[in-house]
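A lone chain, given as structure tokens: the form predicted alone.
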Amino acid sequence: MSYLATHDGGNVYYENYGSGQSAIILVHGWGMSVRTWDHVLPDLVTSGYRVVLLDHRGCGQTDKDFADMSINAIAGDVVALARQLDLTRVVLNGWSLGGAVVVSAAAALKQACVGLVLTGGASPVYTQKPDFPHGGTNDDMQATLAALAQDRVNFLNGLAKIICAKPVSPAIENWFEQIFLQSSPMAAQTLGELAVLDQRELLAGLTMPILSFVGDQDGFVAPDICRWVGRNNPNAQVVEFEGVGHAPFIEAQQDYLAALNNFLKQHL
């Protein structure tokens, strides 16, 4: 098992497949772990890419007792890991809240980040603002956090059942639930930060190629948030999946992999 020792005294779990100074780094969504990438990891490795994955602070096999579980802190871990592994060319792929993480990390890595992928990415904004009508409301977020605090186990059980819009097996739903339950209740701090997140200026100013995946039935990240990327960054393209929810790498696995591999062939 491999760990990154952080500047604030914690340990971040990561997995590292392959070698070389170019890699795709996969960053999971809130409350999840590296295991959520199991549907794409074998294909990427077989295709010859170096693949690096890490667990967020408070999630998976990473330490649970970080004082700082902010999106920027997790992004700092991504940057530190890329540098520790001596990676000079990376494509960052962030799912859900991981989208906000990789936007922040891409800005910090600068020229070393040669591509950015947002998979149902919760960026640039997650909750509505006076000049941004997409997404839920701050009241929605506060209700979510309250439900998590009151009955975390049952709330996460219900959450696991609505990640996918297309029918999936009970085993997949249970798998999501078990991953959620590995996370710390304190990881709710990270989720709560989405209520005030605003990366519009940051994301619009990124100069690397960007690929934004959209599930048009996504009930977690409003599809128009993901579409915003294509409308507001000239380097971005949008790939949209009809009838797909928040997990296109499961619900439209082959089409997702085809588009991702095409992007990697061009830019990594």
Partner chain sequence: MRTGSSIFLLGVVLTLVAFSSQSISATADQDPADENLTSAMAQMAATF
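Positions refer to the first chain, counted from 1. None of these values were measured; they are calculated from a predicted model.
One more form of this protein should be noted, the form predicted together with the partner chain, which is absent from this view; the next part is about it.
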**Item:** Close approach of Val196 to the partner chain in the predicted bound form, 4.5 Å, heavy atom
**Value:** no
**Item:** Gly76, heavy atom within 4.5 angstroms of the partner chain in the predicted bound form
**Value:** no
**Message:** Just checking whether Cys113 would be counted as a contact of the partner chain in the predicted bound form - the rule being heavy atoms within 4.5 angstroms.
**Reply:** no
**Message:** Even though the partner isn't displayed, in the predicted bound form is Gln150 close enough to the partner chain, meaning a heavy atom within 4.5 Å?
**Reply:** yes
**Request:** Spot the stretch among 101-109, 82-90, 114-122, 138-146 with residues whose non-hydrogen atoms come within 4.5 Å of the partner chain in the predicted bound form.
**Result:** 138-146
**Contact check for Gly18, Ile24 and Leu53 against the partner chain in the predicted bound form, heavy atom at 4.5 Å** = no
**Item:** Of Asp224, Glu240, Asp63, Asp43, the one that lies within 4.5 Å of the partner chain in the predicted bound form (heavy atoms)
**Value:** Asp224
**Request:** Would you mind checking 144-171 for residues with a heavy atom within 4.5 Å of the partner chain in the predicted bound form?
**Result:** Thr144, Ala147, Gln150, Asp151, Asn154, Phe155, Gly158, Leu159, Lys161, Ile162, Ala165, Pro167, Pro170
